[in-house]
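In structure tokens, the next block holds one chain alone, the form predicted alone.
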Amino acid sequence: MNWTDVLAFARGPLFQVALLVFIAGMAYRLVRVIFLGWQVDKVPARGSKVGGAAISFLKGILIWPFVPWVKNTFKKNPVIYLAGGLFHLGLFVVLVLGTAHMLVWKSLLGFGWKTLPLPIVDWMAAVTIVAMITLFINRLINPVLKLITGPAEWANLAIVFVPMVTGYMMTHHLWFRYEALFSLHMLAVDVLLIWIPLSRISHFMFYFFSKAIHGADFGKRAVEP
């Protein structure tokens, strides 16, 4: 197999198609959510919607998921709490604050930003991989999660896991030729882009809407979100 040709295809035509599917799929899902509409809330306001939304975002960014005593979440679900939090944090660092990925963003958006040193990004990538393995094992042994985990959930884990592992292996030149690892990494990324709009992974786009809506609702009633 000529890995150079595979890489050219994965980075070129296939990536462009995957990106178009991703953008079109996410736009479609966003439009569907917007056209669901919102019910008119006739309850008199006792507090500030803006303040409630702001507090909701601050708690989501600054508290979740690394202050264990907040609402006893750590006590109830320590594995999901820490492994899930480290997974999301590591994924953000790798995809947004890593130089290699920032350059991809720059080629798409036309501008770039400061990135973290490679050792930090590399360490966070390793933490993310370990966190994903932990979440995988937890789904296997947790009786409740076993009941609610189906093919789609396993596919979500696998389709996110493969790009992370191949990217890490590529950075460290582990076991296989660099061209082969780069090709596999790009193919996995292309599959991920196509899969996201079809799966629950797309929740990252609606996270901000839900935080704002729930925070505003709590704020209006003068209740802590």
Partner chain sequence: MPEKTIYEEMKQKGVTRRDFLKFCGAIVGALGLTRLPTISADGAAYKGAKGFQPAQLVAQALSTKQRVPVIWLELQDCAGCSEALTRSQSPTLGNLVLSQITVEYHETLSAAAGFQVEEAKQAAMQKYAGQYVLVVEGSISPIDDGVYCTIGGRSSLDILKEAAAGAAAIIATGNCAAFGGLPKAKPNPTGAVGVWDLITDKPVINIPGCPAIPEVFTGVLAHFLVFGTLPALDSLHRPVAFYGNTVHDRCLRRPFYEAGKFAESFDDEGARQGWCLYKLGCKGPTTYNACASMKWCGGLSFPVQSGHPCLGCSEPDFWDGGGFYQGQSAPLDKPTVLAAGAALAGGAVVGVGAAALNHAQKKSHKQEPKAKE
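Residue numbers count along the first chain shown, from 1. Every value quoted in this text rests on a predicted model; they were computed, and no experiment measured them.
Note that the form predicted in complex with the partner chain isn't included here; everything after this is about it.
### Query
Does at least one non-hydrogen atom of L103 fall within 4.5 angstroms of the partner chain in the model of the complex?
Yes, L103 sits close enough to the partner chain in the model of the complex that at least one of its heavy atoms falls within 4.5 Å.
### Message
F35 versus the partner chain, in the model of the complex: is there a non-hydrogen atom within 4.5 Å?
### Response
Contact check for F35: yes, within 4.5 Å of the partner chain in the model of the complex.
### Task
With heavy atoms only and a cut-off of 4.5 Å, decide whether H173 touches the partner chain in the model of the complex.
Taking the distances in the model of the complex, the answer for H173 is yes, it comes within 4.5 Å of the partner chain.
### Query
Does the 4.5 Å heavy atom contact test between N138 and the partner chain in the model of the complex come out positive?
Contact check for N138: no, nothing within 4.5 Å of the partner chain in the model of the complex.
### Query
Using a 4.5 Å heavy atom cut-off, which stretch among 130 to 138, 149 to 157, 81 to 89, 94 to 102 contacts the partner chain in the model of the complex?
Only one stretch qualifies here: 94 to 102.
### Message
Can you list, in sequence order, the residues from 121 to 159 that come within 4.5 Å of the partner chain in the model of the complex, counting heavy atoms only?
### Response
Contacts from 121 to 159: none.
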